[in-house]
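Laid out below as structure tokens are two forms of one and the same protein chain, each shown alone and named structure 1 and structure 2.
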Structure 1
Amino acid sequence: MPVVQTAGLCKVFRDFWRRPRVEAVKDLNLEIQPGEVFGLLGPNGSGKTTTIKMLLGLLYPTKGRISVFGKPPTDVAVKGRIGFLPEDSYLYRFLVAHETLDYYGRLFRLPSRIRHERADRLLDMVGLRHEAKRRIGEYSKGMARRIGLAQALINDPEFLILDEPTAGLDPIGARQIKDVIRELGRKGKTILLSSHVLADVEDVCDRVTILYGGQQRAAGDIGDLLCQHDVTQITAPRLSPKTVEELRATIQRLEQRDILTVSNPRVKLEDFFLKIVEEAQAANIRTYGARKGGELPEFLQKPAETTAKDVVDSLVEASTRRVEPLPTREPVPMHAPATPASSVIEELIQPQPVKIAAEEPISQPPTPSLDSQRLRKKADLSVIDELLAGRGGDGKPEA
């Protein structure tokens, strides 16, 4: 069964009035086989990112059918089998590299031991072991792409989607990423690679599809698409000018054609650049950037699928494994000897007798006599008269 299969896939973006505005993908038919490194090419606006988002279930197709592992891409079980590196790595800039990988491992509900082991292996693979204690916000764009690739592999995915994986990387990092992609393809991983760097796709992909305007313009094996059948190339050790002239005359006599060009082959600029860098590393010249990556982690080298025999073997091994008994602890006596602390606690929790004092009669204020009440009333009236003496008849103060 193909890992990815689409039939008549279309995606139309509409405006506020539901009128068709942009036809991003039109009648796209894709088929990606297991263990294949598949390239998705096209200029800006050709529908590559829209296609990837529909494969991830982030966008719904307007028309057509799409399946991933034989199921709709919105199925939650399918998402656990996919690893995704977006074009822009959305990472938490205040976390260090190890915390970032641990966080994404928790999203896939990986046990703590497996998360830590995989984080160490992946950081070593992408060359960030010595920079694992730095915050992601301090990373360069190339280093962020490296940690982005590590987080895409933390769940050991069967299907890996890479959108511009070498963007922002120096030639060393680009070569390391391509080596990782080739190695993953040899281990049976299915990979979808979308890139503008055609040399990267040419180096690692088995088949490609070229999009333009949302439509598929070319598709097939990359070797067949790039082969020039009307030209024959002969590679030989260095020849003398006399030999070259004799070959030219022979071809002219036999084929009635002339040799087009005779020149020395050139190495790729990438290979020459890496040679210079390796010489600098051999001289122990210090650098603060990412370093040479390590080998592919062991958990990524396992087959993608688990057979029934593997399940039975693991169950048999678990049943025959000797289980160590738990250490026994001595029983604690019911009545432990009293200690100073325990005696204080017992004294605190013991009910204490409450002493109640004898009730005393509440003394009442003496009742004023009739003469004192008359004197107090006259005093109050005299105070009121004095206050009103300073105001006129209308209640306003007199001048």
Structure 2
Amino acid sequence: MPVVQTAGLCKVFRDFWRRPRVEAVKDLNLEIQPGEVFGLLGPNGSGKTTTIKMLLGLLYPTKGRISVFGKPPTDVAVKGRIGFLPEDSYLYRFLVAHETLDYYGRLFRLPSRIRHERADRLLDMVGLRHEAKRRIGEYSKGMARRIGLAQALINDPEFLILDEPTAGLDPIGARQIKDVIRELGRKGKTILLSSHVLADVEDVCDRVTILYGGQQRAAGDIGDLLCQHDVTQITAPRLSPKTVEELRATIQRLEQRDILTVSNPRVKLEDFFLKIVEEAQAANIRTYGARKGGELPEFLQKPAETTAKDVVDSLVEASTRRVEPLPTREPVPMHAPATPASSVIEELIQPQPVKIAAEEPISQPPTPSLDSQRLRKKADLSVIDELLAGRGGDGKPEA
């Protein structure tokens, strides 16, 4: 059973005299399977937030049907399984962080002990434990946003809805949210997120839908949508010009084509920034802002679907189905085994620690997405052979 299913969903906003004014969502058919990290993309005003609000029962659809966990979104019991981070932090300015989490915990009828424990863990996670005694009204935008994330997780939701989760966050927070999303995704939770930061979406999502003017313009598996099947990228330890020349000659000989670019990869600014902040934290410099948070709290660590059997079943079903081409109206690139060549090569060649000023290894390369991980296990060397033997690239390899 899909977590979310909509059919012919429409939303028309009307003015005071009930005249239609904005058609925010038009004939939207979504289906989100359990365990999926689903991305909702689209320019400003394309109806992402409106869609999310309808899924949450904050808006009622003008036409069409919605089911969330098989029930209408207004069903109170369904809401107990959902966590929601709105696009802005709509928190009570007069409450302190801890009270905020406590209040939302109460609305889930969590016993007091669990509420306090989870609140502490979550504040740890979002790095605001030390500022927990301050009123939210005093918080900076990003700090409030972190509390927003914490409150979305207080009930250990099976289905997490994040509206622009990285908006307003510093790179640490953004990275951390991505880590959390990935981690939760790996634990089998279902996540729906909308974002403008395409790199984030690319990092974490299994599937995406792109909206424009309230209509679905493209949908599908992110691996499928983005894979450049005609380019191969190789990452290697630093090579001497002589080796590069030799490689070029080899490739010329084997493939009858030239290498397109050779360059030293730059470290991602994200990684660099993280390193600087980590250093400052190690030096114990006082901050009244957010700190780098800790790990995902333990209560979120356990795999999601251990309770209901049917959910487990559908999860298994979903993961097997995922490899198959998804039914969409948009043309999806064909693929025999949907194996991004780059990831296979990545595995073969251990990434070389990239040097930056301080001469120490940077934390870790970004974790590959769920899909590439799963697919990697199935990959065998024959794919490489095939690649090296027959297919080459004439597009631009990515830096």
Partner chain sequence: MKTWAVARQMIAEGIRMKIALVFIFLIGMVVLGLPFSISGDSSLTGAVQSFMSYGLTTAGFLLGMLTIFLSRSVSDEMVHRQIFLVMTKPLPRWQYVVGKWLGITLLNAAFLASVGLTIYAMIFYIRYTHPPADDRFDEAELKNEVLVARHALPFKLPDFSQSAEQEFQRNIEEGVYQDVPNFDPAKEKDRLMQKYNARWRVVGPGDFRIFEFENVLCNRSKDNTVQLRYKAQVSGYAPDEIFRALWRFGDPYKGTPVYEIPVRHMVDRFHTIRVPADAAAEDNTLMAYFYNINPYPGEPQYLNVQEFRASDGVEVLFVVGTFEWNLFRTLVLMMCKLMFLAAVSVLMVIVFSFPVACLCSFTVYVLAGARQFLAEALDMSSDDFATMFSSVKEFFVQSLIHIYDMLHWVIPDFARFDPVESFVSGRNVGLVWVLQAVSELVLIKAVIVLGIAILLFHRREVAELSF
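Predicted model only: the values in this text are computed from it and were never measured. Here, a residue number simply tells you its place in the sequence of structure 1, counted from 1. We call the rigid core the largest set of C-alpha positions that still match within 1.5 Å between the two forms.
- For the form predicted on its own, the corresponding chain is the one labelled structure 1.
- Relative to the superposed rigid core, V244 undergoes a CA displacement of at least 2 Å between structure 1 and structure 2.
- At F16, the distance the Cα travels between structure 1 and structure 2 is 4.2 Å after the core is superposed.
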